[in-house]
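Just the one chain here, the form predicted on its own, laid out as structure tokens.
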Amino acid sequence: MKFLNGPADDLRLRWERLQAAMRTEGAEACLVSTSVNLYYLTGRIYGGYFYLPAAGRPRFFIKRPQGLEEEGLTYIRKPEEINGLLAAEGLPLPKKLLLEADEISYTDYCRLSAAFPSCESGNASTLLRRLRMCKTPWEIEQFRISARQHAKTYAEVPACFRPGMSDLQFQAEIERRMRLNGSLGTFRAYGPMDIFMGSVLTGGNAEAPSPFDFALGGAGADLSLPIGANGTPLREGCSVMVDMAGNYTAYMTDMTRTFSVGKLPEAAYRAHELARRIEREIAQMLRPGLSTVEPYRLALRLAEEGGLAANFMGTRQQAKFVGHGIGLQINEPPVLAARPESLLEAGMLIAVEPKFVLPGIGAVGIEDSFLLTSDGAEQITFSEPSIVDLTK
């Protein structure tokens, strides 16, 4: 069975970017074992290790599954074998080796460090997250595929509604449509954040704060997963915000749309139109070289001018950003926020998500994914942007 998955030239581009970054940091090799980074560097997830020297071709040390074939692939039982296998090939052992210090367990980090005696260890996690910000041509095409299926599912959302439903029942029907339209089901996030396929928020549940760093919270159905839908009935006069994952390939698009159960108070439509304006104006300003602080400042100013600063990105707990990078994980850098400040680059995929929470009504707002090009921002997610009445 062929091991590497994806265009060879695109994989080679990712390896070359990593090698250039390693040389800049004075590292001579990198050893990767986490699922997201293995997929990024080989196009598949497996049990084992990806080893890349700062110059030369990679090595693949596999524990499972069996039956894979590739130049440079060797089956091993434990990582302590790697050092000897490299030496047997006459390859110089690294003096500085980068490990995924932010993502593997302390036990694994110590074990891998000990497997390379007399070798200084460095952190590959931050470096790889930085490299993954700018997508390759093949990765961008994967986003476009996901965006098309994302739009297909959102067009079917009104058909999921039945009078008397709870938000959990409504979300379950959307999840069914997602899977039938090709959703992979998994929702990968970096760090201590859990969520299942996305979030549906209605009525007062939109105000419930979450311990996770998402734009909006929701109490969730259980304290073991305190985010999103919680069984709130879909009542007349309440908004229903749908923020379900675009995980139709390994690369996730991000899109939010707002629905209503009947007619909402006029204040909700005004707030929603303000959110759409914020998204439009941010999209117009996005370009390589722009500080990530500027879009957030613009959003805060427009929310203040609209008299809705106290409702922007929450009420009882307000998220302090208006957008974020997306990729193999839903929360990749950069972040459109007051800090940390960085500069945008061509090839980044950015989700822009201005949202408002209105007590007694729920959440309104919008979110779309944008590709940064040398000419500006290209919107790649599309669905009806106005509030759609589910009862019609």
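Predicted model only: the values in this text are computed from it and were never measured. One rule holds for the numbers: they count along the sequence shown, beginning at 1.
Not pictured, yet referred to below: the form predicted in complex with a further copy of the same chain.
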Legend entry - is_contact(Lys263, a further copy of the same chain) in the predicted bound form, heavy atom dist at most 4.5 Å: no
Inset, instruction - Indicate whether Ser35 is a 4.5 Å heavy atom neighbour of a further copy of the same chain in the predicted bound form. - result: yes
Legend entry - Contact test in the predicted bound form: Glu281 vs a further copy of the same chain, heavy atoms, 4.5 Å: no
Legend entry - Heavy atom of Arg339 within 4.5 Å of a further copy of the same chain in the predicted bound form: yes
Inset, instruction - Identify whether a further copy of the same chain in the predicted bound form is within 4.5 Å of every residue in the set Gly185, Ala221 and Leu225, based on non-hydrogen atoms. - result: yes
Inset, instruction - Go through Ala299, Met197, Cys160, Ala268 and name the one with a heavy atom inside 4.5 Å of a further copy of the same chain in the predicted bound form. - result: Met197
Inset, instruction - State the residue from Gln169, Ser291, Asn83, Thr74 whose non-hydrogen atoms include one within 4.5 Å of a further copy of the same chain in the predicted bound form. - result: Gln169
Inset, instruction - Tell me the stretch among 49-57, 363-371, 347-355, 35-43 that has any heavy atom within 4.5 angstroms of a further copy of the same chain in the predicted bound form. - result: 35-43
Legend entry - Partner contacts in the predicted bound form for 1-31 (non-hydrogen atom within 4.5 angstroms of a further copy of the same chain): Asn5
